[in-house]
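A lone chain, given as structure tokens: the form predicted alone.
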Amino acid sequence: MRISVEAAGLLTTVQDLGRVGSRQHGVSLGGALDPHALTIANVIVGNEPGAAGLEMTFGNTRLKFADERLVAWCGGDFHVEAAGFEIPYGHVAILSAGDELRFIAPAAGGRAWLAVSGGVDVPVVLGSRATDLRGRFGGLDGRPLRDGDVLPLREQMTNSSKFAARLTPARAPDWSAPSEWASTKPRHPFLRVVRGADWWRFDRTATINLLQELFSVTTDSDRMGVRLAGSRIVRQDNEELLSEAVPPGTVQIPPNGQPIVLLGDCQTIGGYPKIAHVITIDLPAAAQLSPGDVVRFAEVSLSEAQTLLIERERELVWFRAGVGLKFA
């Protein structure tokens, strides 16, 4: 019950939904940069939403399976294949012992999330199996995967085994997760934001620039945050700020005036002014941004952001119920 890493690719890590409840101790949330995508992949292989899977950046990853497993993936515009057949995003497929799963570099979007029935069985640290790259703990020895690594898998649930038996020899069913959930490459050139606590520290010119100008993603971006280059966003006050809590999605403006969109591995506190926050439902698009991509921001109300999230969560409940019936 294991996966052999034949080729690890640029950056592949073990991730789950992160370390909820540890931020007061200075521990980042971490986990999948698109927790919704990992949740969907887990649901369609019969796992609990928080089961550990793999996050891959820019693909070129090859994984060999030692026993029969269900797999599913969500994310950017990757080409994924195994045993001579393609596995589209949002579809569950069955792999046999000895099969090799390949993720080819994507045409758009930079990351993908893979779920395997049973889940990856690495030790739980502070309530999570996620890899914390800065802290060097969690996942597999707190580091990215390397060629030749072996990942143990947990025992898959009985319903997953029964479902797999019904798939053979078809390999994959004709149903899938909704496309807008499974294919998380950016569908529009903007990220929706709500005003942050320090919005008032910027004059009208600065806020207009934030909402109307285009910004390009720099190479100095990682799991901690997306650094952008474009029109300078300049504060209208010089008050020294205290460091305060910052969650993923926060848009900070450092002294150089170039926005930073914080992602899952961001620090727990920060002293740069918080001009805005990317709404939760658009964090998947932020997680897919790659160097050279162009993006802009669009303001929405807090009530609109909440409504969008509530609608998605309601639809997720119905989706999980429907998938559960297929596994029964």
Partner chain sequence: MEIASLGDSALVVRISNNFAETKEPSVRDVLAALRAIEAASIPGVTECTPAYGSVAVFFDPAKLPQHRESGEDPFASLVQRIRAALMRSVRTRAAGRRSRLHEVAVCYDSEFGLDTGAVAQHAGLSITEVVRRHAAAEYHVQCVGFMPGFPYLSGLPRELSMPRRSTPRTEVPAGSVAIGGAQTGIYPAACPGGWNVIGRTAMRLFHPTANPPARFCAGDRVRFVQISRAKFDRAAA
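Residue numbers count along the first chain shown, from 1. This structure is a prediction, so every number in the text was calculated from the model and none was measured.
The next section is about a form of this same protein that is not shown, the form predicted together with the partner chain.
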- Message: With the partner left out here, check for me: in the predicted bound form, does some heavy atom of V194 sit within 4.5 Å of the partner chain?
- Response: yes
- Task: May I ask you to state whether P247 is within 4.5 Å of the partner chain in the predicted bound form, using heavy atom distances?
- Result: yes
- Query: Does I279 reach the partner chain in the predicted bound form if we count a contact as any heavy atom within 4.5 Å?
  - Reply: yes
- Please run the contact check for S243 against the partner chain in the predicted bound form: heavy atoms, 4.5 angstroms, yes or no? yes
- Task: Please state whether all three residues R23, F137 and L309 have a non-hydrogen atom within 4.5 angstroms of the partner chain in the predicted bound form.
- Result: yes
- Note on the structure: Here the chain appears without its partner; judged in the predicted bound form, the stretch of 146-154, 122-130, 68-76, 87-95 with heavy atoms within 4.5 Å of the partner chain is 122-130
- Task: Within 4.5 Å of the partner chain in the predicted bound form, which residues of 27-63 have a heavy atom? Give them in sequence order, or say none.
- Result: V27
